[in-house]
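In structure tokens, one chain follows: the form predicted on its own.
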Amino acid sequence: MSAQPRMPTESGTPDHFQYMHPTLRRNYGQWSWHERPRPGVLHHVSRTGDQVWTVRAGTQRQMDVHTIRKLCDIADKYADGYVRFTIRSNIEFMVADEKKVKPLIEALTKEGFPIGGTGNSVSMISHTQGWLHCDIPGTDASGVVKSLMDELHQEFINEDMPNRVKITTSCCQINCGGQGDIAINVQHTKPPRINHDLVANLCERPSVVARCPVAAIRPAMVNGRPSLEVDERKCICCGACYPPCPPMQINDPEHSKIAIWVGGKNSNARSKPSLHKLVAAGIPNNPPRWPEAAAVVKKILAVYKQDAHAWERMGEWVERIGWPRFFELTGLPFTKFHVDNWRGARASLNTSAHVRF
């Protein structure tokens, strides 16, 4: 019997065409123009004359099965069963008949799902998993998002900003997060606390040593048992050692803080992509509503909304007025933590196996 060829196993993203609205599938690559009839609604017109309306609604991101079923029932009743999630956890319903748009909006609004997130608005905050799914978070990004979007509801359903505002959150400093007009990240302020009794049983010490980006960890013998030690003069409190070695606990209810960064951008529109800069440090990591972090973000958005020119992204606005003026307008304190004078890597990486220069 001849050998049969081994069939490939599909382990990637499924074919999206099978879930696509028939009008979208039929006109794939043929769209001529589009507009926004109102915040939260997109209207696309194809070269063939076909049209499709997309209604975008915000969600709480972490959803129970009853909420998902509710959204699916709305899709079945008002949108021919076609629905999709965006990368920012919004949900979009597509219809090919304009008469279905208003009933769809009314049904979503009645169930508490705000319509918006398009154009010059504060779009849904992109974020990491948080306490519910992640094993190493220093804060709950999902909770921060829900709390902050409750505060920014009006900025989501309206298009009153100078340009679109992208906000990101991250549970830790090493695995997730991203550039954004405003980024909310955890900030560890103390080196890890090591439970030396557990290191030998739970940690592969060479992997932990190699994981440290500044070569601040080295093997050690403590109380006659193999363990690890941290050179606190080199440690940057990033938390990279915690995932491969949970006994190196870095989360702390008092010393794990929130930091806010401003001015990041991924797109090439009107200016090059840019990295965000630290503007607020040491904000209390205060669940379940994080009021201190929300107050800083709302203050920055209010000043940006009032002072920026039309179509200026937040980073472009700051570049125009200058950082001293930014801190003056927002009233945020400028501290030693905003001075980028860390030079430890040049010495520490030259003494490690990571990088040579």
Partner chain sequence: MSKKMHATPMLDQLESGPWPSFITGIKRLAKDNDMAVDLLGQLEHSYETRKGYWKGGTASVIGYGGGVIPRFSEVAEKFPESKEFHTIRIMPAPAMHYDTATLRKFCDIWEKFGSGLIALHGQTGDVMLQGCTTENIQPAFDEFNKLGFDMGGAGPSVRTGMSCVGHARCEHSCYDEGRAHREVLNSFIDDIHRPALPYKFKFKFSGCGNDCMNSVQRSDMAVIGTWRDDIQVDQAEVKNFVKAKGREYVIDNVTTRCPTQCLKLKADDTLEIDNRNCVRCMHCINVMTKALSPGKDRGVTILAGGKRTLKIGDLLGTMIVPFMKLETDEDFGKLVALSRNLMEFWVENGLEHERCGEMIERIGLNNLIEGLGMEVDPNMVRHPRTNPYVRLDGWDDEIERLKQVKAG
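Please read these numbers as outputs of a predicted model, since none were measured by experiment. Numbering follows the first chain given and starts at 1.
The following text describes the form predicted in complex with the partner chain, which does not appear among the structures shown.
- Under a 4.5 angstroms non-hydrogen atom cutoff, the partner chain in the predicted bound form has Leu42 among its neighbouring residues.
- In the predicted bound form, no heavy atom of Lys298 sits within 4.5 Å of the partner chain.
- Among heavy atoms of Asn268, some come within 4.5 Å of the partner chain in the predicted bound form.
- Looking at Thr48, you'd find every heavy atom of it more than 4.5 angstroms from the partner chain in the predicted bound form.
- A heavy atom within 4.5 Å of the partner chain in the predicted bound form is found for exactly one of Asn195, Thr189, Asn158, Asn286: Asn286.
- Taking the partner from elsewhere, every residue among Asn27, Glu92 and Arg211 has a non-hydrogen atom within 4.5 angstroms of the partner chain in the predicted bound form.
- Residues Gln60, Arg61, Gln62, Met63, Asp64, Val65, His66, Thr67, Ile68, Arg69, Cys72, Asp73, Ala75, Asp76, Gly81, Tyr82, Val83, Arg84, Phe85 are the ones in 60 to 85 with at least one heavy atom within 4.5 Å of the partner chain in the predicted bound form, listed in sequence order.
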